[in-house]
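Single chain ahead, by itself, as structure tokens, in the form predicted alone.
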Amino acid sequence: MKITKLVTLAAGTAIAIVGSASLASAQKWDMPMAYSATNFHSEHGVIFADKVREYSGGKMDITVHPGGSLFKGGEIKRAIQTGQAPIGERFMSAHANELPILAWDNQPFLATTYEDGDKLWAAAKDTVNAALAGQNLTALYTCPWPGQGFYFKKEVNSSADTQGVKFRSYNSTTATFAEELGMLPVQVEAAELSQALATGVAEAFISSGSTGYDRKVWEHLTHYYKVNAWLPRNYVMVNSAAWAGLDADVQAAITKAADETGAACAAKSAELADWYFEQLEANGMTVTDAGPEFLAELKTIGAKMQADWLATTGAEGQAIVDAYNAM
């Protein structure tokens, strides 16, 4: 009996030692993310990290840092490029100023449903990945936000109601929309949005219901207008040199985790889209479709913006749009 206990104890100790050794030998990566820990993008970042840990047999251990806690949103891409962080997530079109092709998902009224957004990504994926490779980045997975609409602190029926409004922009596309509507664009990261609204730095913005819910914008704003102008994407990217240095089995584990997480995140986004609207209404906001005059103005502006983007990106941008339209 004593021998049995000793053998059992020894076996347990051996397992514990092996487990500790495995944990100690794991490669550890920090993963900065820009959005709050409760946002579905950040939640899926944790799911991704858990899957990587499982599929790699503990060889890779990723720690997620949400809410801009490790690097602010605007710093994340540069941090990954330069190796300050090996992996992270960022809003893709936030980099359109340096790589205009990354505004592929911000073309107003081109793809306004999840299904069409997937088609557009399929058309753009190879071109986007080639552009990222030139900046020492490899995209692992993308995840769409729900459709974009406008938040205001008053009723808006046309551009006559938007003149001089301070508008939070998150990329060149949203800044252009603001300027075309007579508003004043102000660059504000999502983590800083609540403070910007509270202090009057911003009075309006365009985003999904998700951002409004996460930042409790009903404390400062009153109206949300459904437009579904586009479904922008976040993407999880890795430093290409760090990626190339991984063993093939670890790369395979990460790729499997990325594919599964990207699909799950997109499904969650679609599931939450209407729920966010319900929460905005439950907290006192007026949630409604944009009126016909306002929507017509937005579509006119959108057509001009897409033409400008195509002029900037040339054959590459046109090839994406043509491939999408052919699907």
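Small disclaimer: the values here were computed from a predicted structure and weren't measured. Quick note: we count residues from 1 along the sequence shown, nothing fancier.
Below, we turn to the form predicted together with a small molecule, even though it does not appear here.
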| Applying a 4.5 Å heavy atom distance criterion, does F91 contact the small molecule in the predicted complex? | yes
Contact between R168 and the small molecule in the predicted complex at 4.5 Å, heavy atoms? yes
- prompt: With a 4.5 Å heavy atom cut-off, would you call Y35 a contact of the small molecule in the predicted complex?
  reply: yes
Worksheet item: Does the small molecule get within 4.5 angstroms of any non-hydrogen atom of W145 in the predicted complex?
Response: yes
The listed residue (V227, A190, A204, A139) that reaches within 4.5 Å of the small molecule in the predicted complex by any heavy atom is A190
Given 204 to 212, 97 to 105, 123 to 131, 235 to 243, the stretch touching the small molecule in the predicted complex at heavy atoms within 4.5 Å is 204 to 212
